[in-house]
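What follows is one chain in structure tokens, specifically the form predicted alone.
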Amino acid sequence: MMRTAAIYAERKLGHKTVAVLPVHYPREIFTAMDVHTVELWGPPGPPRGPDAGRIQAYACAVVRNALAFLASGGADAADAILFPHTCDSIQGLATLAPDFGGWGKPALRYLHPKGGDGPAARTFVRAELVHLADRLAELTGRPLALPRLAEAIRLHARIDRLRGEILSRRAFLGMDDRELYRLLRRGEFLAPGDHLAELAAAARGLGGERAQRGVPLMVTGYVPEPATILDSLASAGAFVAADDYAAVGRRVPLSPPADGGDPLDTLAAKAFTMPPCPTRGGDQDVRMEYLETLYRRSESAGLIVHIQKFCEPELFDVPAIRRRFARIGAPLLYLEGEMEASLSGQVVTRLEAFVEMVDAGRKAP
């Protein structure tokens, strides 16, 4: 409901709205062209209509639920939909949704870089940015203005900085995990200026003393759904000290984009400053080094690997994560789900037992 309300609020301002499938896309271009984005992560819970059955049962729930949601009219308030090439399933959905799902509005595509930085990669990303801007110009009737793009880059850089500060100093923020993730994920549908104001207000609550007293855990995975996982962790006496969810932590650049010069070049360069993410390919060893560094820096006492079932990009890295964290002696809990509305009692029991085990290990002489 909040996402639909955001769409209608932007419509009153004369702005077009694009629904966006996960994960990575150049939000700055949309902001510069007065196009509001509302992200579609499934949605979680049972598929809203029978059209999920048009996709194989071994495709991830994010894709199956999204097709059912689109076909049932759930995103009809949007003017178009964007399909980033996060995985083959989402890329394929760009064809299936118009053909099978009754989606009659523009279906946009964005192919983000796969692999490392380099001149050819920068050229490719820049061409993708220009192509996307051209498609949005068809939607809005106005071309991309580079000065507006430069302003949008600076706005989103401030948002990214605050998100990074809040995540890196998580233990010093007097906000429980459910509140924290609700705040961070509101950026999926709020206007950027509104999200920036909320983040700034939260960041003022970062103190010099630790506010979190529970068992610090690191979480890696695709998306924190069902959100009741956060409630279960809190009830067990733990909190998320370090985040590597594709929906949250992996969307914060490791370094800010350089200001000045051609804004399109700046935005293309930003694509290579993001944390390692299996949805963008890259060197697996680099990602393992990053995860271990994040784990140690946050002083986490254990790792939860929270994967959506059949999510191939995430699953490819699981064996390497197991090996790396076994080598450093870090306790690890593997959870696999399908965008359920809530955790099962069995999973809650496993979480509680894991937190108890980790806590006992911390207290052992």
Partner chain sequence: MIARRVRYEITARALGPALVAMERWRSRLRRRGRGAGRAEGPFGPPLESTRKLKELTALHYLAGRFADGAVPVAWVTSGFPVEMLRPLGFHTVYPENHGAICSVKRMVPELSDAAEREGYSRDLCGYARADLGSVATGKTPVGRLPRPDLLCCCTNICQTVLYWYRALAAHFRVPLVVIDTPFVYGEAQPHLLAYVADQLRELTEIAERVAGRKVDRAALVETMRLAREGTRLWDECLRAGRARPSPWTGFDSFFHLAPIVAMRGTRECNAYYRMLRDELNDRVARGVGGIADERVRLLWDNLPIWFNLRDLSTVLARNGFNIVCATYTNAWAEAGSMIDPADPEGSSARAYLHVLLNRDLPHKISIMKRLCREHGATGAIFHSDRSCKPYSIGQIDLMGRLASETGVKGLLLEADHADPRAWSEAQAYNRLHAFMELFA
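Owing to the predicted nature of the structure, the values given are computational and were not obtained by experimental measurement. Residue numbers count along the first chain shown, from 1.
Keep in mind the form predicted in complex with its partner chain is missing from the figure; the text below concerns it.
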Look at the candidate spot formed by 96, 99 and 317 and say whether its partner chain comes within 4.5 Å of a heavy atom in all three of them in the model of the complex. yes
Only one of 255-263, 198-206, 228-236, 87-95 has heavy atoms within 4.5 Å of its partner chain in the model of the complex; I'd like to know which. 87-95
Taking 4.5 Å between heavy atoms as the contact cutoff, choose which of 174, 73, 118, 147 touches its partner chain in the model of the complex. 118
Considering non-hydrogen atoms and a 4.5 Å limit, which listed residue (158, 105, 169, 109) is close to its partner chain in the model of the complex? 109
If we define contact as a non-hydrogen atom of the residue within 4.5 angstroms of the partner, is residue 55 a contact of its partner chain in the model of the complex? yes
Is residue 285 close enough to its partner chain in the model of the complex to count, meaning some heavy atom within 4.5 Å? yes
Although its partner chain is absent from this view, report whether residue 313 comes within 4.5 Å of it in the model of the complex, heavy atoms only. yes
Hey, in the model of the complex, does residue 59 get a heavy atom within 4.5 angstroms of its partner chain? yes
